[in-house]
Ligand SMILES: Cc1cc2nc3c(=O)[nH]c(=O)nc-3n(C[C@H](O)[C@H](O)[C@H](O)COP(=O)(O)O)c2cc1C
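Just one chain follows, in the form predicted on its own, and it is written as structure tokens.
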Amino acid sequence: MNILAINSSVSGDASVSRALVAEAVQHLLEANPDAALTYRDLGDDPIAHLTSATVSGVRAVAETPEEFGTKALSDELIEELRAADILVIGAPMYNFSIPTSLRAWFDHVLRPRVTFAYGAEGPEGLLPGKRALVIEPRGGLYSEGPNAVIDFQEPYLKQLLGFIGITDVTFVRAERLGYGDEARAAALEIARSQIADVAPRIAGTARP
């Protein structure tokens, strides 16, 4: 089994998502000690955003050195993703959505004719059979109540992953982190409990 763990927080050691991703990986490795782990930190080692000088390396045919460099990076990221049986993503909510570093990663791995294609029935994801565990720290409460309509984080991640064929996705939310120490402690306890519960199941049912 291969695990790809991705962090996207810019908060360093203070990051909640970074700590919860580490716990999730630990549980997955305990359930499957022979698993191989690939780790990518988009917060400390960000991927450059696509520009007019580089976008053809992903969306068209590379011709310039800049475009070939972008294509090589896209190839590398896609191979990491293709090799993974389980994907663990730390995706804190920034301004109601995802960190720009994580968006840049998706911009490089959502690649026509490589990770998705259009056919007679519409778009088809070309990376099926994988499972994803997404950790979502949030300062407020967005899974229910009036703020649910401004949650552009979880639906967006579900759409991006599903577009390339990853439809078996488990979301673990740590909400109300900004509501004081007591609410923060309760949110972390709930998230850790959920991770401990779902991680072994995800590891045990991963594709061979």
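One-based numbering along the sequence shown. Just so you know, these numbers come straight off a predicted model, no measurement behind them.
Quick note: we don't show the form predicted together with the named molecule, though the next part is all about it.
Although the partner is absent here, Gly140 sits close enough that one of its heavy atoms falls within 4.5 Å of the named molecule in the predicted bound form. Contact annotation for Ser11: at least one heavy atom lies within 4.5 Å of the named molecule in the predicted bound form. Of the heavy atoms in Val16, some are within 4.5 Å of the named molecule in the predicted bound form. Although the partner is absent here, Met93 is a contact residue: one of its heavy atoms lies within 4.5 angstroms of the named molecule in the predicted bound form. With the partner omitted from this view, the residue of Leu157, Leu177, Leu28, Ile164 that lies near the named molecule in the predicted bound form is Leu177 [heavy atom within 4.5 Å]. Look at 67 to 75, 126 to 134, 111 to 119, 85 to 93: in the predicted bound form, residues with non-hydrogen atoms within 4.5 angstroms of the named molecule sit in 85 to 93.
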